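Presented below, as structure tokens, is a lone chain in the form predicted on its own.
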Amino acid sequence: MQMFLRHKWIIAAGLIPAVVIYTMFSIYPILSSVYYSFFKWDGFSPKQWHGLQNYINLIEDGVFWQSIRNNLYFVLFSVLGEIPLGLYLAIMLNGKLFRKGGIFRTVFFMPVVISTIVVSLIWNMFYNYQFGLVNTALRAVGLDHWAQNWLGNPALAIFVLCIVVVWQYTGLYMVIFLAALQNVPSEVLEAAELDGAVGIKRTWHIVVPIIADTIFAAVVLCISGALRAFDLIYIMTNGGPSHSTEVGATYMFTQTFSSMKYGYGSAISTAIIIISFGLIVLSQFILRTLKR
């Protein structure tokens, strides 16, 4: 503590570059977006003060609320799919049977490092109506009437995309949990085993509480990642059909750069930030309540 007090100005000086960069590339764009949201502006002509009209239009915009609902689908599928699957794979790979199986870690982590464009092309082929793997498998087992245009069905398209997101990012959480599991003291696990706690019982009552903080951090990452979903949806469906796969980021992009409504697009981005912050605070409250 005394050493920290003696060198506090040196430490503060070392933090300045990071604070400046963070302010320039994170805080300033957010504040600019809030500022522009109060104007009617096409990006070229002079800005016109619009007051709260952009936010009033946003509240009455059905497509915006549909995009937020789709974002919530992504959050639910991500939290309930990626976290449990990532934890299951991490526990399995941390076991004696797979502990030296580096190939499995590589295989499960590979979707994370593959370009989103490649992922989109692969899954577009899987979902293709005529020669896609999904419809081919259904036809092979006599379920021809189930075969359909998965990405063209407004009722199913968003859930089909959620499956792709879970597949792509489960490996990321597997690696995070695997690192946390390797820090669990072996003495604790051996003591639990001697007391008869094995399998699911040991995982639930011993392992999960020890790595709880890592799980909480993973949930926050998962929520923020799901709310920032853009590239995969833009490439695979571009928000269609009939806005059924529209999410906040794609709708903001369309309104800002295609419809040239910079003010309205800024209002959408501000609303997304507020909703994201609210969801993260809510998730932290729920997780801390469960921890107690």
Partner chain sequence: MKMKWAKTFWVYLLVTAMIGVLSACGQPENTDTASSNAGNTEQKQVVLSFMTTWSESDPFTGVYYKNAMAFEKANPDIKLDIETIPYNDYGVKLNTTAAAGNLTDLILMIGGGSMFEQIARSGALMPIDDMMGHWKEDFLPSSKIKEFNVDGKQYGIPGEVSYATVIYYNKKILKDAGYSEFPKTYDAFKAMVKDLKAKNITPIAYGNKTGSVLLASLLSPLNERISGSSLYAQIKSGEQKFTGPEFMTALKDIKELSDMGAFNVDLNSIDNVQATNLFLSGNSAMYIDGSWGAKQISKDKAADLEVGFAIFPQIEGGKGSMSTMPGGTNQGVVLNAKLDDAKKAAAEKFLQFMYSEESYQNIIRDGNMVPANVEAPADIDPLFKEMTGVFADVKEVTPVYDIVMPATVVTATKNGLQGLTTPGGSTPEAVAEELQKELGQ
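Positions refer to the first chain, counted from 1. Just so it is clear, the model here is predicted, and its values are computed rather than measured. If you superpose the two forms and keep the largest set of C-alpha atoms that fall within 1.5 Å, you have the rigid core.
Absent from the display: the form predicted in complex with its partner chain. The rest refers to it.
Residue contact with its partner chain in the predicted bound form: residue 68 places no heavy atom within 4.5 Å of it. In the predicted bound form, at least one heavy atom of residue 151 sits within 4.5 Å of its partner chain. Shown alone here, residue 128 lies within 4.5 Å of its partner chain in the predicted bound form, counting heavy atoms only. At the 4.5 Å threshold, heavy atoms of residue 262 reach its partner chain in the predicted bound form. Shown alone, this chain has one stretch from 201 to 209, 70 to 78, 129 to 137, 186 to 194 that lies within 4.5 Å of its partner chain in the predicted bound form by heavy atoms: 129 to 137.
Contact annotation for 233 to 271: residues with any non-hydrogen atom within 4.5 angstroms of its partner chain in the predicted bound form are 234, 235, 236, 237, 238, 240, 241, 242, 243, 253, 257, 258, 259, 260, 261, 262, listed in sequence order. Once both forms are overlaid on the rigid core, the distance between the two CA positions of residue 13 between this form and the one not shown is 2 angstroms or more.
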